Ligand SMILES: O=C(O)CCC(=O)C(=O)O
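Here you get one chain, nothing else, as structure tokens; it is the form predicted on its own.
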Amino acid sequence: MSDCESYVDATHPRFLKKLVAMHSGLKIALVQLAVGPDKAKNVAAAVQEIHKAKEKGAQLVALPECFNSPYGTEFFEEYAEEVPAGETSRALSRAAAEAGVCVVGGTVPERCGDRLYNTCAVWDPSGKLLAQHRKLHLFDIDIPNKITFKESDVLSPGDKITTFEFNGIKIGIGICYDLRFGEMAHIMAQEGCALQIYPGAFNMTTGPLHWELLARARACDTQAWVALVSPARAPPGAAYRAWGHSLLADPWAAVPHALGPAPGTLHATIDLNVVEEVRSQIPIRRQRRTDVYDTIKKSK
């Protein structure tokens, strides 16, 4: 390439043509569940909420991180099961098929051989496994006098970036701490994702500081919709208390929909025309200087 030629970021074919204005959008539901020590009760509550979301028009239902298990390294071994053969996977597959919706199954502790993973399984409306994401970035932090947590004491990290397509929309999946890594989000955007979904359980220290900030940052970086799905906040005295506040950030990096800390379901419509609008009006995808810097996905 000569010095007179320009370097630009590749644009996914999905966005080379103007989106059809009449596209009705994707109706999603983010379910903020209360999670307790009874796995069967947790799973039954999730299944019930999937059906309730369908009754209200949802086409895709997303659950929070560790929705079938308390969140903590001391619980992962006890609650772990195989994906997709385990009881929780079977229940979600059946619920997806019965309700006729796509289910982004939050996360469960997954057992695979002698390893444990924090895993999100996605089920299509027929109950078929559509995608499976293992948390890439393990939550190992130490904030003195506030929180110390080390997932890597028990869990192994995944090694793949995960995307899937549903109803003509490319969707990327990350889990909680994955949200902090803009490189991962950028690659999902390069692959055509208009929506990124992150089941997560930020804590009472980092939640108030970074939960919404990071959602808006990733939405701004990638000019995509970003959905965060948290468990409801546990009562005082619990070993781990999630921040809650499940939310949806739009491609302008505004937050048009958000919950508080209590159990509830957020209903919203993902409008693809907003993605096209932002990407055409602020064309950073064509302006990125890949002659100077780049983010590259490595093959596995």
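Keep in mind the model is a prediction, meaning the values are calculated, not measured. Each residue number is its position in the shown sequence, starting from 1.
Here the subject shifts to the form predicted in complex with the ligand, a form of this protein not shown in this document.
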### Message
Exactly one residue in Y198, W225, W123, Y71 has a non-hydrogen atom within 4.5 Å of the ligand in the model of the complex; which is it?
### Response
Y71
### Task
Scan A219, C176, C193, A96 and let me know which has any heavy atom within 4.5 Å of the ligand in the model of the complex.
C176
### Query
With the partner left out of view, is Y117 within 4.5 angstroms of the ligand in the model of the complex by any non-hydrogen atom?
no
### Message
T163 versus the ligand, in the model of the complex: is there a non-hydrogen atom within 4.5 Å?
### Response
no
### Task
Using a 4.5 Å heavy atom cut-off, state whether K135 contacts the ligand in the model of the complex.
yes
### Task
Although the ligand is absent from this view, report whether T206 comes within 4.5 Å of it in the model of the complex, heavy atoms only.
yes
### Message
So if I measure heavy atom distances to the ligand in the model of the complex, which of the stretches 228-236, 63-71, 254-262, 25-33 falls within 4.5 Å?
### Response
63-71
